[in-house]
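Only one chain is given next, in structure tokens, and it is the form predicted alone.
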């Protein structure tokens, strides 16, 4: 949910439900890499709430557009990391045969 001003589209706060520091800090990192962002920060209103508030202030572009771009960039980064991991696992399994495990059922 976006909490913004009708008069100023360059500053908005976004509330994201059912999320925590994991997503909020990642989005904050990506937003702070964007040269269009003048300020970005996040807060969790209460530890019992599964909600984060992310504040974005831009240098001119609408904050909503910058937030959407940041979320898309983060999704691409996660897909790349997952693809790299899956490739490394497949390479490891292809290059190292499974070793036989000897299990002694008589041990206590």
Partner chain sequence: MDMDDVPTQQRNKLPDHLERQRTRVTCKADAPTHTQGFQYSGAFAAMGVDNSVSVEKFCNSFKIKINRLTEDDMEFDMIGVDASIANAFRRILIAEVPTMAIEKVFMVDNTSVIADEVLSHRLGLIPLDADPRLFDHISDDVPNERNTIVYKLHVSCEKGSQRLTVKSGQLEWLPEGSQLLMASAAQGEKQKTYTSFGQSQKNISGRSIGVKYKDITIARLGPGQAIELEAHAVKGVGKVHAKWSPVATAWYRMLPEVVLLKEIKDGEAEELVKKCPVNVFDIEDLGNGAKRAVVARPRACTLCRECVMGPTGEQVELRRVRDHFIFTIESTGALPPEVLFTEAVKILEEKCERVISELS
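Positions refer to the first chain, counted from 1. Since the structure is predicted, the reported quantities are computational estimates derived from the model, not experimental observations.
What follows is about the form predicted in complex with the partner chain, which we do not show.
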Discussion item. Considering non-hydrogen atoms and a 4.5 Å limit, does the partner chain approach residue 43 in the predicted bound form?
Written reply: no
Worksheet item: If you check in the predicted bound form, is residue 94 within 4.5 Å of the partner chain, heavy atoms only?
Response: no
Worksheet entry | Contact label in the predicted bound form: residue 55 to the partner chain, heavy atom within 4.5 Å | no
Worksheet item: Taking the shortest heavy atom distance, is residue 47 within 4.5 Å of the partner chain in the predicted bound form?
Response: no
Worksheet item: Which residues within 45-71 place at least one heavy atom within 4.5 Å of the partner chain in the predicted bound form?
Response: 64, 67, 68, 71
